[in-house]
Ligand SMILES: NC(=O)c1ccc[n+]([C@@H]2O[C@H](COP(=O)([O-])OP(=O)(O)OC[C@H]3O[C@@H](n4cnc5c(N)ncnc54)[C@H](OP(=O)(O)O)[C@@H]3O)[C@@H](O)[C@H]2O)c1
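Presented below, as structure tokens, is a lone chain in the form predicted alone.
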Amino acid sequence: MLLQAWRRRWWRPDQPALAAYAGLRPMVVVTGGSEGIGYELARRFAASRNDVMLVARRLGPLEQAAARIRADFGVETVAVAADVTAPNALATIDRALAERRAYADVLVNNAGIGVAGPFHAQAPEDVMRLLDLNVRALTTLTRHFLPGMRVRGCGGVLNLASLGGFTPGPYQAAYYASKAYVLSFTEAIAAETAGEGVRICALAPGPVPTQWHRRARAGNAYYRYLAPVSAAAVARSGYLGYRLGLRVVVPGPLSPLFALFLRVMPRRITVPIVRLLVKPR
């Protein structure tokens, strides 16, 4: 209770604004929630008795994931098929929330993609798709739901960054740069909202054995074997760090050391090492 009071030390109730949420119930909205880290994060929130809304493009896997969470934890779990980069994505999510008389108490911006290989050889549409999803959609969703969290003085945003966000990444240049944006963006908003009762956290894992690497065409790069951590372990650390109010969580036994190394060492040293680890083989 004391910790919660400290987190809300600057929050003051705005009764007219709060009236808009009367009779509504909280939900956790997870983008990219049908598999991998997003699915495991959704399970973590559901295990703590939170109703969950999973958002992803493919309805089939999404409904299967929702059914498993519903069966395992007995909470309402909603599948919403939507491309968060599409112009109507916000309206689709808002409509799904309104139909259930709910609001987004927590937003988990997990959806993201990667593109590997020399930047000049990457298809322009692939690069733009990456930036749309990893940067623009994450920013748009955060801007949309954060004001309501500040009004209520609770809830928060958990953004999926990456260990790669601490350094430039040759052969995944746009991806690493997008995750640097996520780290900077998250830490800045966390500072802006300090004391208002809202948690803002970036989860920055290293290599995770999911389908992401195959889809990014980075399946045989050396970095994949650098102390990988399971999606479930990443979600466990991310959820705990979010609940504790941490601004950045780097899960795994070795990844925090790698993050420290990348922060303190000159880039003329770190970037050639990263280049060797990330170069497709």
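This structure is a prediction, so every number in the text was calculated from the model and none was measured. In this text, residue numbers run from 1 along the sequence as written.
Omitted here: the form predicted together with the ligand. The next part is about that form.
Chemist: Going by heavy atom distances of 4.5 angstroms or less, which of 198, 201, 111, 104 would be at the interface with the ligand in the predicted bound form?
Modeler: It is 111.
Chemist: Would you mind picking the one in 76, 187, 126, 83 that has a heavy atom within 4.5 Å of the ligand in the predicted bound form?
Modeler: So the residue touching the ligand in the predicted bound form, by this definition, is 83.
Chemist: When the ligand is placed as it is in the predicted bound form, which of 66 to 74, 26 to 34, 42 to 50, 240 to 248 ends up with heavy atoms within 4.5 Å of it?
Modeler: Only one stretch passes the 4.5 Å heavy-atom test: 26 to 34.
Chemist: So in the predicted bound form, does any heavy atom of residue 38 sit within 4.5 Å of the ligand?
Modeler: Answer yes; at least one heavy atom of residue 38 falls within 4.5 Å of the ligand in the predicted bound form.
Chemist: Taking the ligand as it sits in the predicted bound form, is residue 145 near enough to touch it, meaning that at least one heavy atom pair lies within 4.5 angstroms?
Modeler: Contact check for residue 145: no, nothing within 4.5 Å of the ligand in the predicted bound form.
Chemist: Does residue 122 make contact with the ligand in the predicted bound form, using a 4.5 Å heavy atom cut-off?
Modeler: No - in the predicted bound form, heavy atoms of residue 122 and the ligand never come within 4.5 Å of each other.
Chemist: Might residue 139 be said to contact the ligand in the predicted bound form, defining contact as any heavy atom within 4.5 Å?
Modeler: Residue 139 lies outside the contact set for the ligand.
Chemist: Within 4.5 Å of the ligand in the predicted bound form, which residues of 262 to 281 have a heavy atom? Give them in sequence order, or say none.
Modeler: Heavy-atom contacts within 4.5 Å come from no residue here.
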